[in-house]
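Okay, so here's just one chain, in C-alpha cells, the form predicted on its own.
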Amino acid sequence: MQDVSEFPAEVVPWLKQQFQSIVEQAENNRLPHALLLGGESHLGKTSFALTFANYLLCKHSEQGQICGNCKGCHLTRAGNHPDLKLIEPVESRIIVVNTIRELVHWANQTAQQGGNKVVIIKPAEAMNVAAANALLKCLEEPVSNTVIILVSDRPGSLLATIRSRCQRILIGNPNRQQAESYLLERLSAVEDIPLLLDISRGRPLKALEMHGLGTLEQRKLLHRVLQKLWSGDLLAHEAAKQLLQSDPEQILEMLYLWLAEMIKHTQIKDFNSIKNKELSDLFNQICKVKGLTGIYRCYDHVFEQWTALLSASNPNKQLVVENVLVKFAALAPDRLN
C-alpha cells in the first residue's frame, strides 16, 4: 500500500460531464462507499480517480472545484496525504491478500485529517482470488466516510459480488472531434494525429503514449521485418534481434491488431477503410498462399503470446517475440505450419 504521488491530476475533457455527475452525488450526500471506473486503458480513468480523491479530501471544495490551497490539497499534491492510499502491483502484476488486509486495517482507523478517507485500487483486476475475497468483506461492511475507488481495464473479470457492491461508471472513448482537439493541443506533428488515433483505437492518451514511444517508426520497422520473413530474407531469430530495441508488448499488440483488422476486412469484403494500408498487400499475399485458416492460427498464437507477456508469469520477452515470428514465417509458401 503506497502513498500517492501521481499529482497533479486533471480530468480529461471527455470525462468532465461524468465527473460532475459524481460530484453532485457527493454534494447531495448520495455518494456510495465504492465506485468502479471501468473501461479500456488510456481513457483517463486514473486521473478521474485521483482528481475525485483530491476533491473529497479538499477542505473547501465547492461545486466540483478544488481550492488547491487548503492543507488537504497541499498534502494530496505532495503525495503524502495520510487519508489517501493507492494500492497497485509493485514488483509483480498481482495485488496480494496481505495488501488488502492492510487496507482493511487502515480503513477502520480514524481519518487523521478529520474528514474523508479515500483508497484507489488499480488495476482492480490485478487482485488475486484471496485479495478479492478480502476486499469483498470490506465492501460488505463499509466504513463511514471511506470511499473505495476501483479502476479497471477489464471490469468483467472482477468478482460479480464485488461489481454488485460498487456504483459502476463506464468510461468510453471520446468522439473523433474531441480526440483530435485534445491531440492538436499537445502534438506538433499534426500530420501524424489521424494515424495515431486509428492505431490507438480512438484513445487520445494511448495516441500520446505511442507518439512518445516512437510507435509509428516501430510500425515501419515491423513491416520491413515481416516482409523479409515472408520472402525468406530473414530467419525468425534474426528478425527478433532487429526488433530487440522495440517494446515486445507493443510489437505483439501491433501484430495482433493488424491481423485482426485484416481478417475483419476480408470477411466483410471492405478494404477501403483499412488503416494499416502498408501491410494490406502482404496480407493479401499470405491469403493467396495459406487462406484465412492459416492466418487465424497465427492470429490465435499472437494473441496467446501477447496475453502471456501481459500476465504475471514474467516470460522471456525476446523468446516470446521469436516464437511469434517463427509462427508468422511458417505462413510463407516454402514452409509448413
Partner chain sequence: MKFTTKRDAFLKPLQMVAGVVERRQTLPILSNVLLRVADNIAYITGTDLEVELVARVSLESSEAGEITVPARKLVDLFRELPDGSTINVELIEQKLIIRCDRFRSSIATLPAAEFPSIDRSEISQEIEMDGTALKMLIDRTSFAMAQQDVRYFLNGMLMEVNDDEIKVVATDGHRLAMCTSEIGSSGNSVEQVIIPRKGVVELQRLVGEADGKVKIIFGANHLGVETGDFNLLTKLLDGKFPDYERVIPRGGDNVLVADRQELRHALNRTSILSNEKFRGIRVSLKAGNIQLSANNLEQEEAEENVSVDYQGESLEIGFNVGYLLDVLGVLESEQVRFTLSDANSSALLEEPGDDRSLYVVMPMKL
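Numbering follows the first chain given and starts at 1. Bear in mind that the values here come from a model prediction, so they are computed numbers and not experimental data.
The same protein has a further form, the form predicted together with its partner chain, not shown here; the description that follows concerns it.
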Which one of 213, 244, 260, 78 is close to its partner chain in the predicted bound form, taking close to mean a heavy atom within 4.5 Å?
78
Among the candidate residues 201, 71, 154, 264, which is the single one with a non-hydrogen atom no more than 4.5 Å from its partner chain in the predicted bound form?
71
Find out whether any non-hydrogen atom of residue 167 is located within 4.5 angstroms of its partner chain in the predicted bound form, and reply yes or no.
no
Could you confirm whether residue 60 comes within 4.5 Å of its partner chain in the predicted bound form, counting heavy atoms only?
no
Contact between residue 177 and its partner chain in the predicted bound form at 4.5 Å, heavy atoms?
no
Even though the partner isn't displayed, in the predicted bound form is residue 111 close enough to its partner chain, meaning a heavy atom within 4.5 Å?
yes
Establish, in the predicted bound form, whether 25, 48 and 64 all lie within 4.5 Å of its partner chain, using non-hydrogen atoms for the distance.
no
For the chain shown here without its partner, which stretch in 139-147, 184-192, 125-133, 250-258 has non-hydrogen atoms within 4.5 angstroms of its partner chain in the predicted bound form?
139-147
